[in-house]
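In the form predicted alone, a lone chain appears below as structure tokens.
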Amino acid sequence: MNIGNVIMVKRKELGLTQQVLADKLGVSFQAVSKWEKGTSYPDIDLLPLLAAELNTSSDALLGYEYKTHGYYDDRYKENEYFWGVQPNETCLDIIKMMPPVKPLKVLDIGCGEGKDAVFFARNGYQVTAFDLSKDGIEKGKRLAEKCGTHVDFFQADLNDYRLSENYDIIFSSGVFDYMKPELRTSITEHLKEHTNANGLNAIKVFVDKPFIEVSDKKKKSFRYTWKSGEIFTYYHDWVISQMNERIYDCNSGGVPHKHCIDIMIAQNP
């Protein structure tokens, strides 16, 4: 249970000092400090109030609640892999830039059914991957087993989960449009802070274009719009090694449609 890290990150996202949070809860700032350091835990009776002050739920605070929207769960329940098992082309670019000539740790955020995470693991990386969908995670585990490799898969929500260790490569494809807009700055800064020196953040994010119609109105209801080039601005202080935007045809869900996506690979200087 990494509740201390969650408290600290969410407190800072809201711009609260330890003293201010302590005053709201009727405890000492030393108590808040101990929670965040992991040397003690809040009393269980205090969790609902603490969660309310941090704009979350008690279950999410403890890492137990994952409210899925069902869009991908319905598709991941099928035996076939909705996204296939071939790796994303950006994975190949990453391998060229940072080959696993020494032990390198990879984090795949929003791994879906695990095809990219398994690809990295098969090529010698130490891979951790999470997704909101339990069904996707289970399929990822089966794929890793079939391929004779290991990935540390677990279920988590991009908006709530915070890292407790550093990685050499942080990869995410088509997931950042589920990130709440008010958390974009804090989450991207958090990812950057947990990237080792000379490490990479490789992000692919869908962007809206007025001339491309959203193929699934249900999906649009829980996505948050990104603008062209917006993701690059969050990495202005890093070396941007790749910065592309492209429109491509897609047939996911059996309905032909188009997407526009921004592709970025940035290196921690």
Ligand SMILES: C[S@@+](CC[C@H](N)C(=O)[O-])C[C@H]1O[C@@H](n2cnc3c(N)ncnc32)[C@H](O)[C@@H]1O
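Residue numbers here begin at 1 and follow the sequence given. What you see is a predicted model; the values in this text were computed from it and never measured.
Not pictured, yet referred to below: the form predicted in complex with the ligand.
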Revision key, fill the gap. Residue within 4.5 Å of the ligand in the predicted complex by heavy atom, from Ala121, Ile94, Leu132, Ile170, is Leu132
Exercise for review: Identify which of Leu191, Leu158, Leu183, Ala144 has a heavy atom within 4.5 Å of the ligand in the predicted complex; exactly one of them does.
Suggested key: Leu158
Check your understanding: Even though the ligand is not shown here, does it sit in the predicted complex so that Ala202, Phe232 and Trp238 each have a heavy atom within 4.5 Å?
Key -> no
Check your understanding: Where does the ligand sit in the predicted complex: which of 191 to 199, 145 to 153, 103 to 111, 121 to 129, heavy atoms within 4.5 Å?
Key -> 103 to 111
Exercise for review: Answer for Lys115 alone: is it within 4.5 Å of the ligand in the predicted complex, judged on heavy atom distances?
Suggested key: yes
Exercise for review: Flag Met98 as yes or no: does it have a non-hydrogen atom within 4.5 angstroms of any non-hydrogen atom of the ligand in the predicted complex?
Suggested key: no
Check your understanding: How about Val175: is it within 4.5 Å of the ligand in the predicted complex, going by heavy atoms?
Key -> yes
Check your understanding: Is there any non-hydrogen atom of Tyr72 lying within 4.5 Å of the ligand in the predicted complex?
Key -> yes
Exercise for review: Quick one: name the residues from 230 to 246 with any non-hydrogen atom within 4.5 angstroms of the ligand in the predicted complex.
Suggested key: none
